[in-house]
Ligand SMILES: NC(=O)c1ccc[n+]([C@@H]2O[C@H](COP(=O)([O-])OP(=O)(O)OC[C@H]3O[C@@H](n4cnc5c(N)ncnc54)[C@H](O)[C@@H]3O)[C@@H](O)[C@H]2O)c1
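Okay, here we've got a single chain as structure tokens, the form predicted alone, with questions on binding and movement later.
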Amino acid sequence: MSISLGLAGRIVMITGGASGIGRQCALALAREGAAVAIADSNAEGAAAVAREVEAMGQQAASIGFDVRDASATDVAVGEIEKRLGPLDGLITAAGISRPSPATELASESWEAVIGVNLSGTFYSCQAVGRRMVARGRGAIVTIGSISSLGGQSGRAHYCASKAGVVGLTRDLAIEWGSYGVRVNSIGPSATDTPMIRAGIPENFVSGVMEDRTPLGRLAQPEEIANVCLFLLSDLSSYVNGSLLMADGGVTAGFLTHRHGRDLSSKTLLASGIYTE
């Protein structure tokens, strides 16, 4: 059964759209008939994704700027609206991770991760949101993480930024909801993107991430994109200020092992209910 999300003809901007989750969101939106603006610090990568969207028969635009620069962000949003029209949606997928033990974490890395992941999210939401508020409509999806809910060794700055994204999302949902602008966040677990493959040892991916995920695998970027599209669509018209976890069940519990099949009980082990 095919379900229409009603996104045909809408105009959506995606930060961090040159790769990973952002790119998949752009392609998914194009399949739904939306026009897409791809924004990224990698201007060439953004242009390449725009060409992919155009090859699918949809209108696209690309622009390169640093989301940490509030003025540049506002100018970029204005330029996109001149080229495509008023934005109906925004996905803030720009994000970086620079792992380091907290005791060794350099201030430059802290500022970079907080700058892109948290400040960049705010500046993007602010630039788009003030226009949406003035028009009385719009939907924004921010990208949180399972790290929005808890820590992970070596990622103090990343976890702080993603917890901040959720707090920011909830505040904006309250401030802008009465103006017809919905703001929600999704919380992916590890997603099979170039950033994950480049930065995480393979034995950790299989031995920890997949092992502790009840669905037993990493998320695919298109699966996260599908959740973003739902939150942009009118199917979620009464969803505002939410954190929707798209994590394969990772945050549904704790002390998981073997995709949730380790029952962790000597009694059940002795009675043959399961094996170690």
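What you are looking at is a predicted structure, and each value in this text was computed from that prediction instead of being measured. Sequential numbering from 1, following the sequence displayed.
The form predicted together with the ligand is left out here; the points below concern that form.
- Taking non-hydrogen atoms only, residue 21 approaches the ligand to within 4.5 angstroms in the model of the complex.
- By the criterion of a heavy atom within 4.5 Å, residue 242 is excluded from the residues contacting the ligand in the model of the complex.
- By the criterion of a heavy atom within 4.5 Å, residue 145 is counted among the residues contacting the ligand in the model of the complex.
- By the criterion of a heavy atom within 4.5 Å, residue 251 is excluded from the residues contacting the ligand in the model of the complex.
- Partner contact region in the model of the complex: 87 to 95, out of 132 to 140, 87 to 95, 102 to 110, 169 to 177, criterion any non-hydrogen atom within 4.5 Å of the ligand.
- For the candidate set 42, 220, 233, 226, a heavy atom within 4.5 Å of the ligand in the model of the complex is found for exactly one residue, namely 42.
- This chain is displayed alone, yet in the model of the complex one of 149, 196, 75, 160 has a heavy atom within 4.5 Å of the ligand; that residue is 196.
- Using a 4.5 Å cut-off on any heavy atom, the residues of 39 to 78 that reach the ligand in the model of the complex are, in sequence order, 40, 41, 42, 65, 66, 67, 68.
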